[in-house]
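Given next are two forms of a protein chain, the same chain in both, each as structure tokens and marked structure 1 or structure 2.
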Structure 1
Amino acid sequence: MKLKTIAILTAIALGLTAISIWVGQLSYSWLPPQASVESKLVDNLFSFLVAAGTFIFLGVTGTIVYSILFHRAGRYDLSDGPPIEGNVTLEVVWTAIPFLLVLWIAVYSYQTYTEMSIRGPMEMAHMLHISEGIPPAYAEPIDESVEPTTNIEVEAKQWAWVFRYPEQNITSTELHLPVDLRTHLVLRSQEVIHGFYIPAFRVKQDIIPQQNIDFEFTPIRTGKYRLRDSQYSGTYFAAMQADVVVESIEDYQKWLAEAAKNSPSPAPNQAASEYAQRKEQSAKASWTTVVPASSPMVNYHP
């Protein structure tokens, strides 16, 4: 009887494992296309968490349903249950398994963060340690021989993104990146905290006012993606979006050459336009806001 029970439980565990792995693989379709090296690492971690969560959910729910169906008291049975004391073996098992699972997730998450090699996000958090003479904890590059080939300055302000290519003296409201090359950004904010977030890249970085924050990632899929402000930065923060164009090296160089020919001109600014329309209305709005930054002067805007 004991062997039969073990065989049944083993078969159930194998079935739950197969279903959990299938759901974990299915989770890749829930996210935007993988457009960066970092997105693959993040999606692998997410898939593992989904599979583990599915196994736990089905296991706990199945046990509860089985108990309700086959071990419930009779309709008129008002007697107390049997006086069963604690099971030491069971308590050790249900304590050890969650502990090992959490430890596994912690190690896997740290390895993913290290492999992503996104430098700079802990700058503000480690300022106290720097003042005490302790070096900051930055992730090391995946390959120290690989130097970023694209250096771009990103300026965030209420409510617009401005991208500067200092080597070519180009300013744009659209971020252009070469595919399969490491990109290095210097993030700055003029007034409040903004969030640099590209869902297709699975990268996000808060931009602290009056601080230069280094940020790196590697695009691997050509196409047009969307940059959003992930932090609430004021009234028109939803309008603070920009296109991110990942293209071949040849097309990237061609775009730089064409953009360099253009003289700086004011770029369209949705926040400024909406604010101007609001001021023209006869009825005064019931809410107040700061005046949006003026339209940036750029060489290129879509």
Structure 2
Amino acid sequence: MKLKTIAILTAIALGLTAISIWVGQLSYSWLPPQASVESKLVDNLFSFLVAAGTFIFLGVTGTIVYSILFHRAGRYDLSDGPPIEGNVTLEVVWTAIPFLLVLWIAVYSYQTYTEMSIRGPMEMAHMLHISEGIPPAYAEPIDESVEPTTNIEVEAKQWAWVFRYPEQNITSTELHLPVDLRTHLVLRSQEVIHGFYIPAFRVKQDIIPQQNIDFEFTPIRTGKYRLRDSQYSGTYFAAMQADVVVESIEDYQKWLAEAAKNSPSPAPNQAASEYAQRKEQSAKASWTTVVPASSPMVNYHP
């Protein structure tokens, strides 16, 4: 009997483990393409959390559903169940195992975090001396110690993104990045908090007004992605998007050269054009809004 119980429990645990691993693998498909070094690290961690979560969810709900199916009171059965008030062994086990699991998740997350070495604004001051002491665990394919090669200034305003390439003195409303090189951005905002978020890169950073915020990541896949404002910034918040183009270093250089030839012209801007339209036709009920910044003057726009 005892042996039979152990065998059944083991079989259930193995079945659950198989399902959980499968769902964990499936979880990669729920995420956007992996377009940066960081995205691979995040997705591996997420996949692990999905697998562990699936195991727990199926384990707990399976037990509940079993009880619902097989521990029902008969229609005329007014008796009570067994007066079991607790079980110290069980309670210790279900305190200890979650605690250990949480420790494991925390350590794994911490490792992933250091490998990503996302730099927050306040960290930069510390980074100067800390980064020499602790070398980043993640060494390939990009060497962390190499100075970031792309320096770009990102300006966020209500409601437009403008990217400035200081070495070439070029401005653009489309963010162009060379593939496989670490990107270094300086994020700035004029009036309110915006959020710099590229889902395909799995990176996000709030931009606090009146601060220069350094931000780094490494694109590894050519293509066109979306940059979205992730911190609610007022009326036209949802329209504050831009395209991010990751291209080979040759294409990138070519684009820089082309853009340098153009003299600045006004870029299309969804917030500004919607606002202009709204002033013409006031059919829909609406309230006063902060007036959008006028279309940015840039060397390049799509």
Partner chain sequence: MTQIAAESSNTDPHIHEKPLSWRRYFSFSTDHKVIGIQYIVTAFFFFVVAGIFAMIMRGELITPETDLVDRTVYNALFTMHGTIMIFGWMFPVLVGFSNYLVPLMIGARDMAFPRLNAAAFWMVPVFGFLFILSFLVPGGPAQAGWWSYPPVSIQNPSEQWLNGELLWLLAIVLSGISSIMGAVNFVTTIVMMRCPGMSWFKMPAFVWTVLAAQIIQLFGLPALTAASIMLLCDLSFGTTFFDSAAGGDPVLFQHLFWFYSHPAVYVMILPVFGVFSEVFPVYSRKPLFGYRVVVVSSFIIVALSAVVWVHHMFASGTPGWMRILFMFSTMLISVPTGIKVFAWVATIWGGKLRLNTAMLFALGGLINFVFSGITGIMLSSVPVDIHVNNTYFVVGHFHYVIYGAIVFGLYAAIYHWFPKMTGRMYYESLGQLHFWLTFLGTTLNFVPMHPLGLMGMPRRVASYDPEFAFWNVVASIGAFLLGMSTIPFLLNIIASWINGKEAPDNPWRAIGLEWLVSSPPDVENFEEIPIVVSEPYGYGKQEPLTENMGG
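Here, residue number means position along structure 1's sequence, counting from 1. Given the structure is predicted, the values throughout are model-derived calculations rather than measurements. Take the two forms, find the largest set of C-alpha atoms that superpose within 1.5 Å, and that set is the rigid core.
Matching each structure to its source, the form predicted in complex with the partner chain turns out to be structure 2. If you fit the rigid core between structures 1 and 2, you'll see the Cα of Y28 move by less than 2 angstroms. E167 is not among the residues whose C-alpha shifts by 2 Å or more between structures 1 and 2 once the rigid core is aligned; its shift stays under 2 Å. After superposition on the rigid core, displacement of the C-alpha of Y66 between structures 1 and 2 amounts to 2 Å or more.
Relative to the superposed core, E85 has its Cα moved 4.4 Å between structures 1 and 2.
Core fit done between structures 1 and 2; CA of R75 shifted by 3.6 Å.
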